[in-house]
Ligand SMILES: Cc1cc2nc3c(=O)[nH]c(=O)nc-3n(C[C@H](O)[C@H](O)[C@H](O)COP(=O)(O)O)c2cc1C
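Okay, so here's just one chain, in structure tokens, the form predicted alone.
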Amino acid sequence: MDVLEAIRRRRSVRQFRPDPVPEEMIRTLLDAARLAPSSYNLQPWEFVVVTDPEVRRRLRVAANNQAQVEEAPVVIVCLGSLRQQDALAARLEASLPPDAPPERRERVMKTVQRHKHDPEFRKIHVLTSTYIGVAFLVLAAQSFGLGTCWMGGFDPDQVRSLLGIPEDFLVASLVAVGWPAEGLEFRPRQRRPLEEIVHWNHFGRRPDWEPVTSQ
């Protein structure tokens, strides 16, 4: 399955067969996430793979009682590492040569301070790249015929406590992974039309395209 086909076929799956997902396949999904692009090559993603039924049952409580968290044979908890953010700030500072011109030094140090000390920026910077890794993981799963459900509805503190996640990691998302239940039917996806969301060279200038109707 090529990338565009995987994108078109992907649906959020909330009912799964109990069949296990081979460990080697899980490894391939995680490796796909590892190969995603990230800002400054930040690579902030880390993953907790949950296959233990009892841990999934307790994780379901932390995820607003979403049934797929317990029913899917695998749940991948996707984390964004603030440790990588700190390491990036250190690399940026170290890259500044001693004889750098004052204007360059000021520019770089302003960037370093933002990466070190601006909590909102740090969070957004880490999560933005982490979510690209999650998207790669989901599409890789689709290429194997696996179903996934990306979830943002959970209590991060409960997830952190249950899985022993340190404070300097952000809980970005939970992804249920498994074989879709037999006989699942999917309604057409509701997506804004392309001609409504694209501007050409200037906001408000629409391309002269025929409407795209694919779901």
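Remember, it's a predicted structure, so these values are computed and weren't measured experimentally. A residue's number is simply how far along the shown sequence it sits, counting from 1.
The form predicted together with the ligand is left out here; the points below concern that form.
**Student:** Heavy atoms within 4.5 Å of the ligand in the predicted complex: does residue 66 have any?
**Tutor:** Yes.
**Student:** Since only the chain is shown here, I'm wondering whether residue 27 would be in contact with the ligand in the predicted complex (any heavy atom pair within 4.5 Å).
**Tutor:** Answer no; every heavy atom of residue 27 is more than 4.5 Å from the ligand in the predicted complex.
**Student:** Would residue 189 count as touching the ligand in the predicted complex under a 4.5 Å heavy atom rule?
**Tutor:** Contact check for residue 189: yes, within 4.5 Å of the ligand in the predicted complex.
**Student:** Using a 4.5 Å heavy atom cut-off, state whether residue 50 contacts the ligand in the predicted complex.
**Tutor:** It does not: once the ligand is placed as it appears in the predicted complex, residue 50 has no heavy atom within 4.5 Å of it.
**Student:** Which one of these stretches, 66 to 74, 157 to 165, 177 to 185, 51 to 59, sits within 4.5 Å of the ligand in the predicted complex when only heavy atoms are counted?
**Tutor:** In short, 66 to 74.
**Student:** To verify the annotation, which of these, 42, 36, 151, 170, has a non-hydrogen atom within 4.5 Å of the ligand in the predicted complex?
**Tutor:** Of the listed residues, the single hit is 151.
**Student:** Taking the ligand in the predicted complex, which residues along 39 to 65 bring a heavy atom to within 4.5 Å of it?
**Tutor:** Nothing in this stretch is in contact.
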